[in-house]
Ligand code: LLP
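A single chain, nothing else alongside it, follows as structure tokens in the form predicted on its own.
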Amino acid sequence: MNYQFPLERLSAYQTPFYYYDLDLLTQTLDCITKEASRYGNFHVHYAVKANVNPRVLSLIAQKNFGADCVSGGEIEAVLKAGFPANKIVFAGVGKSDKEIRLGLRTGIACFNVESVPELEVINQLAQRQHCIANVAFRINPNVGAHTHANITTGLAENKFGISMNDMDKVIDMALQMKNIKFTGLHFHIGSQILVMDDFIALCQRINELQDKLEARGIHLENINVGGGLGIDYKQPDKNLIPDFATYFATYAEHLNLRKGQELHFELGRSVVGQCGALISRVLYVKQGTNKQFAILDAGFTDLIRPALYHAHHLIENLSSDAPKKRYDVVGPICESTDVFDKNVKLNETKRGDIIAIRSAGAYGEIMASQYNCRKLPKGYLF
């Protein structure tokens, strides 16, 4: 049975806009909480970059999640939404002095440090603010992931993280710094990962690194494995809530945590991806030489993933029960790449029909732009 959209309510809003299913988001959050709580030392931080709709953030905060931020603006957004500062971790390869000072001033839980120069700057700024900065080092594990090249982050040639060869050196530096407290290691191998073998490979690499550090007498308080769990873009109705049970169980089985260690996750797409859809109306149906075009009032300014990643989203005509025909579904932007998908089977489509582009709760509204002087889409929770 297909997911049922509240068509009558959707029809009352000016398109394009983002629709978020409050019940589905709540069920997803409750499932994550249930599965993670099976293991007493698992902590989940929501990866804020996926979606910062204020009501979405507030609901996640109410469910006692932490927050994984990659900018000062995200730190300000989650604090406003009700996330406690002591559950905020701050990652990113290019933290500005202003952003670091914000993290220090608000007392965030940890900086995930990605280079020696960054470590030195954090130490200097913490000294000036007369405080101690908790840091974890993002180590590049050189573990590949079965996902799109643009969202793979754990290989040696990626810009993220510190190489394994430099791990001992940077830890030794941190241990000598008076305004730094070294608390653990951070990893993240990529996004939209559906193969558990990728996470098993990460566990094995972390086990090797832990053994190496323990041989030196270094015990880690925290291990942060990032996120990366994907969602089903092709058949969302079959998998509205990702398989969090298997995801967490994979780490419980394959990661050799030491006594007293805390394990941290940074889930984003899998939290909010399926609860959101981009809702649009058909402006025109254009007959080409060999194909038909369904021209929407939404474009890549509203959802850039298909243009940026060649990403697939299921597209549905919510207004029609007529037999299906094939269309290239495109937007109004003055660029050839403004195409949501080609040769799509839709119920026969006409001007004014309401179209849902599914699985758009993550990296949709947050990545929207005002190219062509278009207004940003609004987001509504029903």
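Here the structure is a predicted model, which is why all the values come from computation and not from measurement. Just count from 1 along the sequence shown to find any residue number.
Another form exists, predicted in complex with the named molecule; not displayed. Remarks below refer to it.
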When you measure heavy atoms, are 47, 68 and 227 every one within 4.5 angstroms of the named molecule in the predicted bound form? yes
Select, from the options 294-302, 115-123, 188-196, 163-171, the stretch whose residues sit within 4.5 angstroms of the named molecule in the predicted bound form by heavy atom distance. 188-196
Report the residue, out of 242, 184, 236, 268, that has at least one non-hydrogen atom within 4.5 angstroms of the named molecule in the predicted bound form. 268
Decide whether residue 18 counts as a contact residue for the named molecule in the predicted bound form under a heavy atom distance cut-off of 4.5 Å. no
Please determine whether residue 10 contacts the named molecule in the predicted bound form, using a 4.5 Å cut-off between heavy atoms. no
Could you tell me if residue 284 has a non-hydrogen atom within 4.5 Å of the named molecule in the predicted bound form? no
In the predicted bound form, residue 138 touching the named molecule (heavy atom, 4.5 Å): yes
Can you name the residues of 345-382 that have a heavy atom within 4.5 Å of the named molecule in the predicted bound form? 363, 367
